[in-house]
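Okay, so we've got the same protein chain twice, two forms, each given alone as structure tokens, structure 1 and structure 2.
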Structure 1
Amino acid sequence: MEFSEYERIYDEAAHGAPRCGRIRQALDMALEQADIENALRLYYVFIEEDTFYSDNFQSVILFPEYLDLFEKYPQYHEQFSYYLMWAFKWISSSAADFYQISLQQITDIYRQYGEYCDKLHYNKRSYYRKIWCLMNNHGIRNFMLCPDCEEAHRLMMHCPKDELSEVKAGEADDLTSYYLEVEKDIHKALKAAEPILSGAYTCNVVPHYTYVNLAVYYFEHHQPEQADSYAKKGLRIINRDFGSDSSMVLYKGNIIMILSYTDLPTALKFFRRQLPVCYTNECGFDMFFFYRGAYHLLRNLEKSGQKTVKLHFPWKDDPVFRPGNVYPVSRLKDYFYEKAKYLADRFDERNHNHHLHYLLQKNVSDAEG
């Protein structure tokens, strides 16, 4: 079959789970027909779709199949090595965001990623980038492949850019995040972010990431006006580009948390819109931040004197569900705290630390100060 015939199977499907299902159908057809070349293409298409329009868990499960097929047919290595390495980039960052994936499995994925960089003659700039992000995002201090995130970042910057490197916007956002989250240097961060903030650099996730990360920094450093300004810039773009799907859930959660202290009505409006969408995301790391944002929102609604809140609660089988869509604020506050704590328990147990518990238990009164 021509590849266009496989494309017809999924072309009309909506992005996300519907299209992933159709791509999987096309992939199974190619495998049944031993159409190896098109099967390798379809593995990549599935992983790309799942990465950008879903939560990537199915891709993490599927990736070993893809790697095995690639290994069995070395005649296709030159043709498909670039696509495999991009899939490695996505999988290496996604795997850690599901507590169901053990730290040993994550380590193995990263080790394989480094080995394939050498085997297929790619440099390790993107590999070291993924390591420092992993260690920083999950509070991992003793990752066996690198002593700390500062060293991983140094090694990344030492490697020249290649075809696996991020676009200019991604590189600038990465550097901004490093200065914000690791070095805690806002002056360096703003200098790195200048091409993004001026509009010179942009991509499908920048400046969304950059605005929200800056908002979080200012929020944590008790500068509510700056936090509010950057959060609302991020909110406008996310509402426009990702408001109707389960993408950007971590960033949506951080916006809700920040605005619940600076603009409670806007935070509630955004939360109401996102709750029926975001609950479908199965990425525990993303959902931790969404639940944490919901907890902060409901805590501040309670402090403002509001007793009940009206919203469309998506978990219809949950005991907390009420047919009239009116909920006690205090009950929902506890509900979302427990959901966030459950995920913090799972990740911290997996990572052998207390990183997410620390983020959850931060004294919220600091934000009010």
Structure 2
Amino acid sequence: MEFSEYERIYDEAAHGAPRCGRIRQALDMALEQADIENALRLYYVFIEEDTFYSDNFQSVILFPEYLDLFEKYPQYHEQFSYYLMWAFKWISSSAADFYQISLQQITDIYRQYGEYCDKLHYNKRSYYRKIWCLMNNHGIRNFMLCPDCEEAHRLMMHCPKDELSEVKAGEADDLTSYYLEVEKDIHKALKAAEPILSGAYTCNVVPHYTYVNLAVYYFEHHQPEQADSYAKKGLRIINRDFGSDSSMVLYKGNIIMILSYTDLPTALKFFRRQLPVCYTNECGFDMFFFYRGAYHLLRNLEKSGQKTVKLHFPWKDDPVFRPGNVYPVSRLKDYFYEKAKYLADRFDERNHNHHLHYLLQKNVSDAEG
């Protein structure tokens, strides 16, 4: 079968889970026919789709199959090494965002990724980036593979770029994050973000991420006007990104949190739209931020005097579910706080720190000045 015939199976399916399901069908068909070349292609297509339009969960659990097939057919190594490594890069980064995976398991996966970099002749820039992102995002100190976050960043910057490096937009966004989150220097961050903000560099997730990261920085530094402006830029572009329904959940959560302080009606409208499509996201780390955003929103609705809120609550088996779609604000606020706290417990236990608990409490006091 030609690859285009497989493509037809998923071509018109909606991005995210529906398309992943159809790609999976195409993949099964290729495997059934022992069409290894196209099966290897379709594994990559699946993981790419799940990475950019869904929660990465399915690609994390599918990847072992992909790796196994790749190893069984060395004649395809030259043709597919690049794709395998990108898929490996994505899934190993995502793995850290699932609390179910222990730090030891993450270490093992990263180490194996590093070994594959050597084996397939790539340098270690993407490997160090992975370590830096893990340590920075999860507030981890003294990770087994590197003593500290700054050192991982330094090692990453020291390695030359290669085919596994981020695209220009991704690199610029990374650097912006580094200045915002590690050095906390907004001037350097804005300079690094300049090609993104001017529109010269874009990719699947940039400028979305950059806007929201800047919004969070301004929010935490008590500059609500700038925070609002960047959060709304992020919101506009995410609204336009039709395929992003169950992805970018972390960023959506941050937008909801910020706008709940600067523009409550817009925050509520965005939340109402996102809740029915985001709730299936299995990525605990991303969902922590979504629940935290929901908690802030409901807290601010309560403070504004609103007693009830109308929305489609997706967990129909949950005792909180009400058939009429009208919910007491106070009850929902507690509900989402508990959900965020549950995830914070899981991650902080795994990471041996209090990072997410700190974030859960921190922004409430930040916003209140």
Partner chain sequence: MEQDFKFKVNLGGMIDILSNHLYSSPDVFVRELLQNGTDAISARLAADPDFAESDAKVEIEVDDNQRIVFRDNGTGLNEDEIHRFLSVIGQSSKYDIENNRASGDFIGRFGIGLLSCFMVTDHICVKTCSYREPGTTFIWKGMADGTYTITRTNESMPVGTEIIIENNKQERDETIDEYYHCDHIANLVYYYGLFLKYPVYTINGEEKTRLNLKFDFDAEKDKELCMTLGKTFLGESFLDCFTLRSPTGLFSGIAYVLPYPVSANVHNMHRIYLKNMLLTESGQKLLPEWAFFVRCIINTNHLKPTSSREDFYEDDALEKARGEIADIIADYFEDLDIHNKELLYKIVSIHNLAVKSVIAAGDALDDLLLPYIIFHTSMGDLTGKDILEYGSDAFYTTDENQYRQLAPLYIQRSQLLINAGYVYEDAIITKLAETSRKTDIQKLTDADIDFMLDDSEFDGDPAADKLIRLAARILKKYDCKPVLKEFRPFEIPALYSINEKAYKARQIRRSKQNANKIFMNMLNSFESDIAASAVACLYLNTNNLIIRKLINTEDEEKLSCYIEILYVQSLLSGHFPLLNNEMKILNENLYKLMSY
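Just so you know, these numbers come straight off a predicted model, no measurement behind them. Note that the rigid core is defined as the largest set of C-alphas that superpose within 1.5 Å between two forms. Along the sequence of structure 1, residues get numbers from 1 upward.
Working note: structure 1 is the copy from the form predicted alone; the remaining copy is not. The listed residues are L214, K130, A294, F347, and the one at the hinge between rigid parts moving between the two structures turns out to be K130. The chain behaves as two rigid units between the two structures, and the smaller unit swings by 11° against the larger after C-alpha superposition.
The Cα position of N38 changes by 4.4 Å between the two structures once both are aligned on the rigid core.
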